[in-house]
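In the structure tokens that follow, a single protein chain appears in two forms: structure 1, then structure 2.
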Structure 1
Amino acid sequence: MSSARVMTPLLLAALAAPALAGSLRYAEDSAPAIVNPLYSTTMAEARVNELLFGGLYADDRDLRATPLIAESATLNATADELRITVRPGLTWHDGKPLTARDVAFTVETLQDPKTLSTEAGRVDWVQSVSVVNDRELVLKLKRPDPQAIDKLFFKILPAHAFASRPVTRADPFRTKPVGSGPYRLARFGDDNSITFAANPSYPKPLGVSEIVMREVSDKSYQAKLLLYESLEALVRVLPRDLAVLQKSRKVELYPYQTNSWWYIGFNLNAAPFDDERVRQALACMTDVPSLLAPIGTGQTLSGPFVRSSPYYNHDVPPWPHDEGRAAELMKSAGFTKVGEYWSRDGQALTVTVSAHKTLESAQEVVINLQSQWRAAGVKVDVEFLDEAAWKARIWKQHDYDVVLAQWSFDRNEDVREQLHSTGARNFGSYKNAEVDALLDSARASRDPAARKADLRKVHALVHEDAPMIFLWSLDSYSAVSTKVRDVVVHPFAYFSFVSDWKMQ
């Protein structure tokens, strides 16, 4: 059989589909499973949320917090009460007015434990909310927080669009979302595409009349589609495609830094991963630079922050690739080498590594990790889960050994949900009382220097406990057709500045 690639029906269909005037098409490996900011867990879902919904505040181009839905937000003298005034004249996509009651509904829904929102941590600093009138509300804070305005980036939802509470993932809103963002959902396509039409009521004129999300599961075709002018944007370019795209006069590359990092995460409720010596040994069996090299460039990490973060502890080096040290740790945990593999109580150590099907380049990383750990004496199985299985097995049932995944953060770099023993995203069941206290202290601190000191201590402690092997933050490039002008890519949320983009 020839090794040459052939044009698949998917690619042929994509090439045959012309763009409408003013239409911008971008690719996702997999279409979002849900359109509801209460339950977002993937970057594809986050990008859709940026198009459809607005927050009280948003970043400007200098990454300064700037009012969006809010007209203003004012802290009292003791920094424990926040008075918010909603901008006048705002409407939802269905024409109904956006009021302070919608903001209160959003906060209360996020906080309701029956909602089971993955985003609940965004408002867990709020003690209570009271509506003054249609344009004003007051948030009582659990503790003084002079940086509270920087936490007003969560997406606001329309109270009238939900028939009852508690809100659930199955609510019809997931396929009939109503937002206030620059684009409204126009239709779902039979090919899993989603079309977004410009919001005519948006406070500023939009330079792109329509945006279409196209599902292109094979990333090797995405760059081709851009070159063939069947797409106008790639969110992230594969390293192997950079050289070709750089040579094209039809494409402009935009470098951007992401506030995200990859990790190998352990299930601390499952033996032997409840033993930190085993986790540390597996860290020493992992040659992180060799895992990174085939998928791109980036910075290797030793803890839960990117290297440019003020909270990154540069005094803590990454775990070394040191099989001698790994062997010592395995022996101290009661394992002996029997033939090729480490064994305990007559059983060879066998690990299943799970990854999400849509995690870019995950297959290359997992296969190379499997090779490294097998060479070091660990039997390794691999599995790639779809969205439903990932949420059920990993998030809800905690039925796994090890995951390869990534976390992405906004400007606040709040890792509490991932690392606190009560964190909503701590599905690995990590517990350290000192880390909990430091995370609580950092969140409550009014002193930026004290917060930095607390989180650097968290970095050091979590590194030593090794509930995760921290891998890297990737260097990223977006590729956009030269037909699109005034493009600025936000480092945390791709479409944050899309209202400034213009089509020729």
Structure 2
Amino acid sequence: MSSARVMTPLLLAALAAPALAGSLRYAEDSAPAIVNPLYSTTMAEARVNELLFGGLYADDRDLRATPLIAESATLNATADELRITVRPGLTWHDGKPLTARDVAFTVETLQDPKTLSTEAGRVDWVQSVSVVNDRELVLKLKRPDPQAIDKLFFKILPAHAFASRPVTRADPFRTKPVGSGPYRLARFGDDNSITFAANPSYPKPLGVSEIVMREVSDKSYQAKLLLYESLEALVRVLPRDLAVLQKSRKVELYPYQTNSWWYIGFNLNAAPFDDERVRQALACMTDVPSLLAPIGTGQTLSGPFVRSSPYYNHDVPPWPHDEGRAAELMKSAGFTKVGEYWSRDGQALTVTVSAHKTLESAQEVVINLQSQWRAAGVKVDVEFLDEAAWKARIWKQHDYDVVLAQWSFDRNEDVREQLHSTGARNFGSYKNAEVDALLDSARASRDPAARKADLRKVHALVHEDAPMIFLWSLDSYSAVSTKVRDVVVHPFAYFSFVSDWKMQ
């Protein structure tokens, strides 16, 4: 196909497109630590990646896998080889052409153990990659997979923009990222903001000329700024602000349900939390609805899924708030009440509750939890950790008693990393062979009923083992100014359909 034939429709589309208008400012609690899809770990980073980078495939507005950078992807008859053709005429933000070599580079870089990418799991199904020409490449699969196309969502990176081989996190790419997404990085602001400008070569007219990520650490102030029209979008609204924002006729609220749940997690390496009776007793000392009430509306949980999940086991009730039962459990674990506190070997049970400073409303929850547990006979210390301390103390050193935290999941609600004994996010060191086997079985199963049965059993076992006290899921909404039109929010990645948004 000649370039003229490719360009003509694009030019026509550009001429027919409305003029780019306005700057859309959205707030994050904390600015992304890095702009590089190889190393993203937070939701804020995932959202920025969505603006800057594209995948071979992406969700369309009906959440169906649809080609984006790929023009087509064809499996061979034995479903173990995937031939991918890259869409012609695509360019990177710096004007260089996007080719099959970039796709191969991305796969190989993700797979290279020296890259130490946090996203390596996205291509662990690929055996090898070979480039046929600038537009075609072939992925050899480790095992036949008729639905391999559903795995082509990882972000494609430009081979020419990385200075180092193997690629490292310190590569200068982190300050000058180059992508093929609808927006390019224009500048980092002194106030930690990041400005993204519309990508003029994006093969679709954009209705918002500029997007600015603003760091506003105070969540309450975020809502104020939206009402004051100093922001156009809030990624997540505090539940207590929902009614106020709904009354404002200048704001529209969109459900942004990320399947998130709060929990109190125990360090199973630290005595006495290695004893499930102590964990269960603390669960019985916790009046979960009373902790939830001051911070908003939500649903209390008994396991590692939100209540509307197909995996949620409705036969398992949450631990009751029952001090009598808690006392029995504490006694069976060797504790006796000395004065007002439970003690063992002459030592009063003292628990330090650690919470992340940026976890919204965590202070209210922790203070109320402290008073509940104190009333039940447990001394409680409280600490709020900043990001660095959190990562070091909780993730790396496992130096904690109890954490108050939250996990967010995409629609697959895959809890394997959190609960499997080999899971990378199982920092509490939970280990149950039966749970491991069930998680493995669930991942392998293609029968929805079997998968549900596996994971509901996981729910029941994890509830009983109580490595965490499952607390609640909060109602989650995003708020966007009515000046922004045609808004569709992706249920997890948020900005996937931003190219359709328009500013009035």
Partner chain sequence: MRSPRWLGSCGWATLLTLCACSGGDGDGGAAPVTTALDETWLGELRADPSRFTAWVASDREGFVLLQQHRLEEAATRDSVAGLRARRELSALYAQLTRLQDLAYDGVIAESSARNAPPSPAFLYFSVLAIQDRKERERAAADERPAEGEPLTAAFMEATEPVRQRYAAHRAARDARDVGALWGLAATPLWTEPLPNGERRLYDPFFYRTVALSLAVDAPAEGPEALVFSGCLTAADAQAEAKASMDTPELGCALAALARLGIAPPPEVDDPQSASDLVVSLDAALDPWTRATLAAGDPAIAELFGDLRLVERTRARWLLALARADLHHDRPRRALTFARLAVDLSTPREVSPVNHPALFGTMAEAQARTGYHREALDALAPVSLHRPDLIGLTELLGDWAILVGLDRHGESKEN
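Source: prediction; values computed, not measured. Rigid core: the largest C-alpha set superposing within 1.5 Å between the two forms. All residue numbers here follow the sequence of structure 1, with the first residue given the number 1.
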Original post:
Given that just one of these two is the form predicted together with its partner chain, which number is it?
Top reply: 2
Original post:
Looking at how the rigid parts shift between structure 1 and structure 2, which one of 168, 275, 120, 475 is at the hinge?
Top reply: 475
Original post:
Through how many degrees does the small rigid part swing between structure 1 and structure 2?
Top reply: 7
Original post:
Once both forms share the same rigid core frame, by what distance in Å has the CA of residue 471 shifted between structure 1 and structure 2?
Top reply: 5.3
